[in-house]
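Encoded as structure tokens, the following chain is the form predicted on its own, with no partner shown.
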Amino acid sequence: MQMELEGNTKFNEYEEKIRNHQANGHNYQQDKLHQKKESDAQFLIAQNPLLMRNLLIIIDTTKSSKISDFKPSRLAVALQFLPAFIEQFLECNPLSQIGIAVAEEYKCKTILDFTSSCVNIKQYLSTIHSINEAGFSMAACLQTALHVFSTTQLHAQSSILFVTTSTYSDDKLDLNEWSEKCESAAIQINVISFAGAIHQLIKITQATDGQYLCPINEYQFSQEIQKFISPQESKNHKMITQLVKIGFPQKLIVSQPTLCQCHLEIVYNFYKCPVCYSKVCSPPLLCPICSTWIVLPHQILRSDGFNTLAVFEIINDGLDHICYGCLESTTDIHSTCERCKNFFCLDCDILIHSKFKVCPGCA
């Protein structure tokens, strides 16, 4: 489905002009214009008032994860691309958190509670390995997920991302019962499967407004998993409107080791809660002592709900302007921000909308 780009009404006209001048050596501008179109489309898709998200990644480590139809193995491919996905997810969702769990031997074990520390998540991912036993149980995973999400905030979206390698779900519990409980709790279930489509799991994802994706090779897996970075619309999501107590912490660096209250680990760099003065390691998080939502100011400003950045309009006035971003002279085709009226080259335009999410002129 094509999306109309707001503020970009002249796009097709200028694209046609560049296409007509392709023979005159304007291939570079044409490529940049196509990149801008893709960047603007992704930027508009990511616009969502949903600020906080809790994502639980459940990785199937049963015997089927060793199958080598994906090189070197199914689990190895997942662990290869998950760190980049997690890093980009936390960058695009600055007020969100990720938890890690593994499915093994008819049960599901949480190895990392919800956190926004990319370093900690990658560290725990490196400890995951395949086991020689079968027994992937979707029902057991949903039971564990419900317990994990029971302690999270009601105003945040709860979603599960299954990375499955098994061709079936061997359940000792009633799968339908636990899937209905997840649906009632407004937990969105998504599956990316190395083993093809499983009808029963497809029904569960459809019931919770999730997605079921089946990559056919390593490259497609790296592309398909990117679809879970932006918030997905969910009819079942029950947005709870309530006041949230927020505190801006002070960062401290000490020479003596100290214990953080959030993960009970030895740290040297930590943040101090402004309410109870407890020590935590990586905002955003809920203070384990006083239940204050500890965030950093730039995380709130970068979240989608406070984003005032709009799509820049393309200008082709035949004049040279100085780009406000890189201070270089722009070409015949450039873009402008409607709010601050500053000009930007196409390279800076793409970088602003894909990475910074803040107009330097308006800031």
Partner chain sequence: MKFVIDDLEVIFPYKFLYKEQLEYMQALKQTLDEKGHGILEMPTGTGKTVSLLALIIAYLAQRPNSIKKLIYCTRTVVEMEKTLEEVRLVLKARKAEGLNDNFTAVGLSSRRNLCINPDVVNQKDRVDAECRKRTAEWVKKGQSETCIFYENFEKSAKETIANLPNDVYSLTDLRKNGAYSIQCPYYTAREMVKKANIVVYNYLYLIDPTVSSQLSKDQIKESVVVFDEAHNIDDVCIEAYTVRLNKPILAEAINNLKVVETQIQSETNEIQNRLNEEYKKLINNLEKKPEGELNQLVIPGQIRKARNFIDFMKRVINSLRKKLKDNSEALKTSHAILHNPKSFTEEIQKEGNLDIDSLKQCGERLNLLLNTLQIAETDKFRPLSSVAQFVMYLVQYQEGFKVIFQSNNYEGTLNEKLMTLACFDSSLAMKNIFALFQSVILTSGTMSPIEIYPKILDFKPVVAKSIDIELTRNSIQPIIVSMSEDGTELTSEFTLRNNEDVSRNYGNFLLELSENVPDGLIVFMPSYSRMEEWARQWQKDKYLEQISKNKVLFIESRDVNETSTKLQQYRKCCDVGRGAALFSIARGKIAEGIDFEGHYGRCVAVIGFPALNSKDTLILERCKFLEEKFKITKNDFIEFDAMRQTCQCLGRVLRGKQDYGIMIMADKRFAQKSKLQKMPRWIYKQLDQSRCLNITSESAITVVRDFFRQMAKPFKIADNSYFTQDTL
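Because the structure is a prediction, the values reported are computed rather than measured. Positions refer to the first chain, counted from 1.
Omitted from view is the form predicted in complex with the partner chain, to which the following refers.
Scan Asp209, Glu224, Asp113, Glu183 and let me know which has any heavy atom within 4.5 Å of the partner chain in the predicted bound form. Contact residue from the list: Glu224.
Let me know the one among Ile253, Leu259, Val119, Ala197 whose heavy atoms come within 4.5 Å of the partner chain in the predicted bound form, would you? Checked against the cut-off, the match is Ala197.
Any chance all of Glu91, Leu296 and Gln299 sit within 4.5 Å of the partner chain in the predicted bound form, going by non-hydrogen atoms? No, the whole trio is out of contact, none within 4.5 Å by any heavy atom.
Look at the stretches 144 to 152, 189 to 197, 92 to 100, 279 to 287 and give the one with heavy atoms within 4.5 Å of the partner chain in the predicted bound form. Careful reading of the contacts points to 189 to 197.
Would you classify Ala78 as touching the partner chain in the predicted bound form, given a 4.5 Å non-hydrogen atom cut-off? Heavy-atom contact with the partner chain at 4.5 Å: absent for Ala78.
Residue-level contact is defined here as any heavy atom of the residue lying within 4.5 Å of the partner chain in the predicted bound form; does Leu175 satisfy this criterion? Yes, contact at 4.5 Å.
Contact of Phe70 with the partner chain in the predicted bound form (heavy atom, 4.5 Å): Although the partner chain is absent here, Phe70 would touch it in the predicted bound form, with heavy atoms inside 4.5 Å.
Should Pro215 be counted as a contact of the partner chain in the predicted bound form, where contact means heavy atoms within 4.5 Å? Flag for Pro215 set to yes.
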